[in-house]
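Quick setup: one chain, the form predicted on its own, written in structure tokens, and binding and motion questions come after.
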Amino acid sequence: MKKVLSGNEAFARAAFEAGAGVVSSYPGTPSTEITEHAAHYKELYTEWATNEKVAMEVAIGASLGGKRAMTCMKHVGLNVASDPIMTLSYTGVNAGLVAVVADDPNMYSSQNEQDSRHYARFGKMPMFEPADSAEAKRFTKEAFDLSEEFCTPVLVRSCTRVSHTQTVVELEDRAEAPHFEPENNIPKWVMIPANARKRHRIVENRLLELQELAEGDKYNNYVIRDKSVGVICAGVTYNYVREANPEASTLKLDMVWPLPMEKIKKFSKLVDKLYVVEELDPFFETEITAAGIAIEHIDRSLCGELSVDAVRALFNSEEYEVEPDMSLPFRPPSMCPGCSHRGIFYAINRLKLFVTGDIGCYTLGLLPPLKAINTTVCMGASIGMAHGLDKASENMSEKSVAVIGDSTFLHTGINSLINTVYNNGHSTVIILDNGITGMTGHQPNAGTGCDIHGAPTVKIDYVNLCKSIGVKPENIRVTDPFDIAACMEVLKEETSKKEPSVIITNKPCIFADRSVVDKPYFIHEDKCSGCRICTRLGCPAILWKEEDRVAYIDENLCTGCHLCIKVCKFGAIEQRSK
């Protein structure tokens, strides 16, 4: 049976067909949908972990217990999971373990553009890179087999285009996975130095065996067409090369680490000129050049993703730059109408606070007119940075606060708050609890009270959690983010203290709880003074009529959150009765 699947659907299907037992992940674009689709297969135990490190450790435990396991994350998530997976390379696995990592060239939803291939080399682990959904399924299934054959974790690298593009996939039945008893092997699994030194030798020998596999006929095959041009490529760039230069000979690398250097040398002798086409870092180019193989250097940008037109321009020695379509109206990203974060950001802006921000949809608070975020680095960084800022800037004219979402606080923020309390900090931390993991598509987390399947489970109580960390009860405030006056008062009080304090907002994301949506508002044009204070909320439903110098509300967008009436001083805004 054939079916059109996205790359992410195909990765999930691969886990099912390969007989995997456990999938643990943390949502991160462009990898999120893999685990969401895996949850549809009742044969798979699936969960949202609190972060990628935990997800990796759950997968390791499942492998140790005899079940094939998969964990999925975006490229920056692999940074979080790098601690356990680097040592897992030494211990090896019991049942097969596959980690799918989705890179984000062009940073459509990321804070950096790192190239995950370096982790395969760094950790001495094999890595596959599929070019489409069919290969996503095939390579992931084979990764489980390879993991068990060579006793190694296996990385499978995706990217935004592969994860979110749909191609035809041949569906197969679920296979019975090999049976593994839970393993109790201290020299293998307990990485004290004496054991780790022995395991390191095993890792190096394993890499040589994997090199032999890469040189064989199963992977990394070349096709000779026009011998004047040979191109080495992998993944989605192979598709670009085939369309941009269909006559070129190609060596398509399925296993991007370890590289098949002997095969590359052989291919280089069959073509007149050898090129390497790859996105982001010159990973292949550096390794191939270091091996003494001559290639034609292509002067390309190390930033952004490639395309068919971009690859065509490379071979024609032309500069290629994506020009925006100026016929389309400019539409900057913004928080949704009715977003529960808007009121607190408005209050922060009014008080001119310096904000160390974090990763989530609330990061959009940096944009005008709110302009309420000053830093964004990585998951959980806001609290630690606020503490450091406070310690380094005792005489800072602007008071600072840390802003972090509920899921991000659970991901990596808790340890930072412990550090602030333990080290006698005096930061004010704002936990934006909207009851969901918003930015990646509204996945549940440990603070929502339900699991990945919607089944009820324990719900984290942030107030008691902060108390247990050591924040004084009188310094923990819960506030309605739509009550701007109350938000401003709480912010003034808590930022004036010389000890740690926490402010928790308590309204849900409108997509997590539609019951908060109310009748829309409208503006009486004859009462509108044109002060534009309502437009400073940054609500997409509130627009400005330049010709009439009045504001108006798009009632198709308005969610009736009541925020605009809190700032209008002229009684110009009213709610519809029906």
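The first residue of the shown sequence is 1; numbering continues from there. Everything quoted here is computed from the prediction, not taken from an experiment.
The protein also exists as the form predicted together with a small molecule; that form is not presented, and the subsequent description refers to it.
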Discussion item. If contact means a heavy atom within 4.5 Å, which one of 129-137, 176-184, 354-362, 97-105 is the stretch that engages the small molecule in the predicted bound form?
Written reply: 354-362
Response to the item:
Exactly one of T237, T437, S163, S427 comes within 4.5 Å of the small molecule in the predicted bound form through a heavy atom, and that residue is T437
Item to complete: Would you mind picking the one in P153, G230, P500, G405 that has a heavy atom within 4.5 Å of the small molecule in the predicted bound form?
Response: G405
Discussion item. Let me test this: is every residue among G77, V80 and Q111 within 4.5 Å of the small molecule in the predicted bound form, going by heavy atom positions?
Written reply: yes
Worksheet item: Any chance M379 has a heavy atom within 4.5 Å of the small molecule in the predicted bound form?
Response: yes
Discussion item. Using a 4.5 angstroms cut-off on non-hydrogen atoms, would H341 count as touching the small molecule in the predicted bound form?
Written reply: yes
Discussion item. Considering non-hydrogen atoms and a 4.5 Å limit, does the small molecule approach G28 in the predicted bound form?
Written reply: yes
